[in-house]
Each structure stands twice: as C-alpha cells, then as structure tokens.
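Shown next are two forms of a single protein chain, provided one at a time as structure tokens under the names structure 1 and structure 2.
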Structure 1
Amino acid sequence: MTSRGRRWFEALAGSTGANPGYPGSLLAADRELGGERVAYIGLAPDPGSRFPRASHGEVGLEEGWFGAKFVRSLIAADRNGTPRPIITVVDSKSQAYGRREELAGIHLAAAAVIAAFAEARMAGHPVIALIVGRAVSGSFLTLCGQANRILAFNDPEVLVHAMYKDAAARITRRSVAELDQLGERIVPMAYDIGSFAKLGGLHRLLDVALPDAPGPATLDQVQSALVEAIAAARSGPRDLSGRLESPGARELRRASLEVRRKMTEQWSEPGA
C-alpha cells in the first residue's frame, strides 16, 4: 500500500519513517536540509493497523496520540538549543470514522497532536506543511492547521476541503454537479487546490513535473521551497496572523476580516 505521501516522505527524509513502538502508519524521521536537522512527519496506509478504520492513511487514535508524543519529544530535545523545523508530509484522506474511534475519544487524540504542533510553533519550531495529496477534514486540521507555512502541489490529486463532495451533497441536499457549479462562483466551495490558494492560506503553490515520482530534479525543487518556507517562518510572527494578510485573504475573506475586527473592537471596549 504505497501512497504518494509515503513516496514523498521517504524521498525527503531518506528513511522509511518506521520507529520502534510506534504504529506503522506514523512516519517520523530526522534528516539534514539546508544545513540543519529537520524532522519529517507523515502518515501512510498500514494494512496491519489495530484499528481498521485507520488502515488507509487516516488520522486515528494511535496516529493522534503517537504523533503528539513525537512532536513533544522534539520540543523537549531542543529546549536548550535551536528549535529544529518540523515538516509534515500530508497525504491523508480524513480522520478515521469508526465506532471504536468515537468511543475511545478520537477528538482527544486529534486535539493532542494539534496542541503539540501549536506548542512547537510557539516554542520557535518552524512548522511547515507540505500537501502532496489529500488533506480533508480532520487530516487538514491535525497536519496543517497549526503550520507557520503551508505548501501544496498544484495537481488535480491534491485536495483540501472540509468534506468530500458526496457528503457535502447529502448535507446540503444538492447534487455533486450543483456543488461544482457553485464552486465556479463561490471560491470557498470549490474543490481544486487553485481555488483554495486564492483564499490566502497557502504560502506557495508548487508546479512539480512528476508529483507521483519524486526524481532528483523534482526533489531539489521541493527541498528548495521547503528551505525558503522555513526561513520565512523564522522571520515572521509565531502566530497564524499571516494567513489573513495575503492579497487573496484580503480580497476573498473580507467578511471574516471584518468580523474579527469588530470582535477585537468590542472585546477591547472599556467595561465590556
């Protein structure tokens, strides 16, 4: 079960990402990039998973808890030195949907890894998300939501959204064709990565020649983009305010910006 995410993780990290005691779906390794050590984290299908609903690369219970454990180990190891960059290689279809996951608290496992990434970012670790495949629903929240910078391949197989079209069609009582038509007029409803980039959340959209086969030239291109993103993260604020300051965000997220302005204004009012 070789996914695009696993191929890119192994090419970038120079490792299978296997770690003793960790689930086979969680890939984690250190490697030099741009003259410093960086940590790579990714998910991949694991047919031997103890939780079948998480066997195809989803974010499940083990992925959340062990992911949080790994990130927190990096924070602890670098506490008295230079915080190393953390790069997530993202190709995960969603969170794991299952009765076991709900009973055992998948929301807590997801919150744990999200909190770990946020703590790492605020501690000075540049957190970079590289989306090479899918980042839908819980997989985007856990692997991308707390990143200082998000990069994505400009490729039809790359998808960032709250839910898949068939689910969105059922909930909104529309057909998939109708959703596609709405996406042509309403950017946040579109499913292509170009439309997502227009909203201002991406640091860079990468045109790679062979997204399924990371050869030397393509690998050099992506590594250069990662080095630049790390430098940009270090030179900018540690919070996520930059996502609202891009030209795309100022144009297409005007209502969100106005709501934030009014909330800040009212929060700061004397006696409020």
Structure 2
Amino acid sequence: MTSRGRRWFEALAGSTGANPGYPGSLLAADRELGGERVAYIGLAPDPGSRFPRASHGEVGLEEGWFGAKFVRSLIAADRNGTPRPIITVVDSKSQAYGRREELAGIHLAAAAVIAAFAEARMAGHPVIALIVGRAVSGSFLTLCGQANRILAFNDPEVLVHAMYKDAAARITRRSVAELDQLGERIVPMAYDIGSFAKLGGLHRLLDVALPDAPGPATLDQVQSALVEAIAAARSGPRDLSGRLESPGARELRRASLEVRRKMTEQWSEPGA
C-alpha cells in the first residue's frame, strides 16, 4: 500500500518524484501551481533502500544529504530570477535509528537539509510545509522547522511530536494514560494536531474530506491553501518571527515573548 505522503505528493506534483541517482525514498519534482513553477519534496517508504533502518519513510543519511542537494540546486537555479516556492509534503515516521546512521553522522545529514531550507527561505524562496501525516521528532525538525508557513491536515492521523507516546512513557517513566492526562492540561505535551496549532507554529489547519484519498475537490482545496500560504510567505518576513507573533503564541508562548523582550532590553544596557 502506498503511504499517505506518497499519494499526496503524486497528486500535487503530478509525478512519482523519482529522480535518477536519488534514493527511492526521496520524492522531488517541479510543477505549475498558481501560475508559477513550484518544487515539491516528499519522503516515502522505500523497501529497497540501501539503509535498512531508513526504509519506512524515516529521515536518514541519504534523505538528509540528497534533500540538501535538491534544495541547494533550486537556490542555485533561481539565483538570478524569482525564487520559486518549495513545498514539502510531510509524512515521515521519524529520523532513522541505527548504528550505521550514528557512525556516518546522521546529525550532520539532518543539519545539512535544515541549513538548505533555512538558506532557501533567507534567499526569498517561500518554503511551505504541508503536513499530511506524521512529522515526529527529527522529521518535524528537518522537513517543517525552517518553513515560512506550515499547513497541516486537521486529522487524527496527523502527528507532530517530540517522541511517540509509548517511547515517551518509557523514557519519562509514566504510563500512556498519565501522558494522555498531562496532555489535557499541558498543551505542548498533547498529541493532537489541534493542540499543536494552539502554540502558534501553524499557519492554517485544513479540514480535508478523505485525507487518505486525494480527489479532485480536495486537491483543489489543498492547492488553493498552498497558493495562499505562498503569497503570505512572500509578503511576510524571511525569518521565523511570524510564529512568535501569532495569536496562538501570544497566548501560550508568553514565556518566550518575555525572554525576547527582557533579553533585548538587557543586551544593550550601558556597561555592556
């Protein structure tokens, strides 16, 4: 069965996203959207992956370095023109957990794609993350973290979190039931996408009928949301300050705002 991420990538990009020399897990293609060329990037399970620990849609060594290569090729291609929008179609389990991965420096491979997305954003590419499925831990950090705007399906299968519930319970020595109870009181710990949206990091939640099966109407709806997010990104700042200035952050990131205000004040006090 194809993954939700692959189905949405193929529907949006009109292509399988296969590229010669690239790993089968990394989907990348260009297509017209809203009267301009946009680039789509996605991840999907690849049972034939060279790296067994990265064959279920994880961000692994190849996904990081090839992802960075693709994004940097877009920055180079558009250097003297209009920087094209870059849309990540996100449905990725996590980073890859393995001995080979650590030995060959998965931390650097992940950082490489993060740096590429950040530099693309700074160069004026609207970077949009569309979360259609899972964006857990390293997958969120690599594929969504540097986006000007993040969109997510409002759906129970959509998951943004630091760690899956069973692992988090073990590490924090709590039961899954206790984690659920905490999530009801402590918004950053909750596992539903509605709670994540309250923290101010999301541009929009999309109520999509049949999120597993992109059809003409839902495709049209998602494309319109992408076009709107691209326009919003172009008219907004090229850094991530928009997240902190969102209504959600003003409510739930008061501590963040207080840190920023007070440190800015103290930074340039006399005697510095």
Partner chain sequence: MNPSETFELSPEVVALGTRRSYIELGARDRARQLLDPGTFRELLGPFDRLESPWLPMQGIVPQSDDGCVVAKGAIGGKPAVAIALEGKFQGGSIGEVCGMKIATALHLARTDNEKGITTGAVLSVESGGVRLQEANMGELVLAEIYAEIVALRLHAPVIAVVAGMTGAFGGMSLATALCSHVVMTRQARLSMNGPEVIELEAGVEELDARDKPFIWSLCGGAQRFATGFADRLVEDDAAQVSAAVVDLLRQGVPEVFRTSMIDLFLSRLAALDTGRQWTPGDIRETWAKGGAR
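Keep in mind it's a predicted model, so treat the numbers as computed, not measured. Rigid core (definition): largest C-alpha set, two forms, superposition within 1.5 Å. Residue 1 is the first residue of structure 1, and the numbers go on in sequence order from there.
Matching the description of the form predicted alone is structure 1; structure 2 comes from elsewhere. A displacement of less than 2 angstroms separates the C-alpha positions of residue 18 between structure 1 and structure 2, with the rigid core held in common. After superposition on the rigid core, the Cα of residue 262 moves by 2 Å or more between structure 1 and structure 2.
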